[in-house]
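First, one chain by itself: the form predicted on its own, in structure tokens.
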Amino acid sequence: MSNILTIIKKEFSRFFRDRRLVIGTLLLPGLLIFVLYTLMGSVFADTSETYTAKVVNPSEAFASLVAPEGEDAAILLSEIEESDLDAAKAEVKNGDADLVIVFPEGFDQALAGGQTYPVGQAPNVEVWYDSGSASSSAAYNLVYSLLDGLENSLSNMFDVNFAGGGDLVSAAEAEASYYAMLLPFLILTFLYSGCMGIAPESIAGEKERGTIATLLVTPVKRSELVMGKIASLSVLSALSAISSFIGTFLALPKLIGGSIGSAFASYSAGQYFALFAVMLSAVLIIVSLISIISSFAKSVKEATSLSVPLMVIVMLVGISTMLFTTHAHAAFLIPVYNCVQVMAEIFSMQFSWVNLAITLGSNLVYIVLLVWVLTKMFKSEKVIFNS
């Protein structure tokens, strides 16, 4: 055990003495993700912009759609005379206004009368805008959708969900469903990225620098050497993944318009513990696989290249939650895939302790087998020295 701790200390020393590696692996990923997602959420959720429109022959029916009772107006409507129409169009072109809307005379009376018109003879509403302006285009799309909805409401034969019916899912459940679809893929990506940034350097880097021979002649069993390296690499990779996960989990509520407090409160301590256990088992498997690949490689560059197919497989497994989920117990025997599915269960609030136990138990078996394989490789001079 002391030899394993010695190897772990050696790997930690190599990592934490490199400031650039510490900052780039542990601090920057989570910070950059948080800043990026927060900015994206601020941009996407910014619905505070108010548009301006010049209106000829204002319509009360339309004005009630623009500013429903108890809500602020999305468009500021200002009445103008028909004689000022050309000047108003010029303001739109110059960016001083977003739209010009021209209602026909008696528009509201025509709506109240319920009169129908032959095709091409119905009252025409003119909406003038500047497609070269993002603000004007957005205002036009909003006005067009309001007018289209008004037209449909006057000629419909029946309503759908007008006075009843609707989505039965709660806001918390909808948010959880979003997390379940996206977070497992992101977490798996972070885990793999953290492993790839550290694992090849520990084994292939030793071979490239020629220090692997010195390490092997020390009075340390090959099995202890392997376990020490995998344990230290797993801890470092997990720290990198946790940093990225924290940044993502803090920023996602802002991205979808929720709050950080409600997101944290949605899950229990047991679920967070289960999530950590699944992440740790996934890290151990990924680190072991990359270490095996690195043992075949002669350099870090070669190890990275050889790991690309594994990366593709991991990414494909990661997006599986976006396509389907399963509750069949047998599916949780598949390595890596089982981790993704358990994480999806946790985030969707459909967590099963049985599936967690199957996942952790099967992953433990796979980890033992992979460590055994890596130990055999370290005992082979042909593999280690590429002879």
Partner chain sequence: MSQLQAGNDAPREIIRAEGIRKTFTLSRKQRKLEKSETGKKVALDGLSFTAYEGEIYGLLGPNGAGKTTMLRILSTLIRPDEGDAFIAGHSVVKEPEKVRASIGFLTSELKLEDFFTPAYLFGFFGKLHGMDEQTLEKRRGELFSRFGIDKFAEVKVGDLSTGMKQKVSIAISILHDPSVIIFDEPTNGLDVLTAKVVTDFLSEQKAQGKSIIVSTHIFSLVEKLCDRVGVIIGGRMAAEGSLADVSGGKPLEDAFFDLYKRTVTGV
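Predicted model, so just to flag it, every value in this text is computed and none were measured. Residue numbers count along the first chain shown, from 1.
Note that the form predicted together with the partner chain isn't included here; everything after this is about it.
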Inset, instruction - Sort through Val235, Val102, Leu275, Val220 and report the residue having a heavy atom within 4.5 Å of the partner chain in the predicted bound form. - result: Val220
Inset, instruction - Verify the contact flag for Val308: yes if a non-hydrogen atom of it lies within 4.5 Å of a non-hydrogen atom of the partner chain in the predicted bound form, no if not. - result: no
Inset, instruction - Evaluate Lys93 for contact with the partner chain in the predicted bound form, applying a 4.5 angstroms cut-off between non-hydrogen atoms, and reply yes or no. - result: no
Legend entry - 4.5 angstroms heavy atom contact with the partner chain in the predicted bound form for Glu206: yes
Inset, instruction - Give a yes/no on whether Ala213 approaches the partner chain to within 4.5 Å in the predicted bound form, heavy atoms considered. - result: yes
Inset, instruction - Heavy atoms, 4.5 Å, the partner chain in the predicted bound form: which of 104 to 112, 221 to 229, 83 to 91, 128 to 136 makes the cut? Say which one. - result: 221 to 229
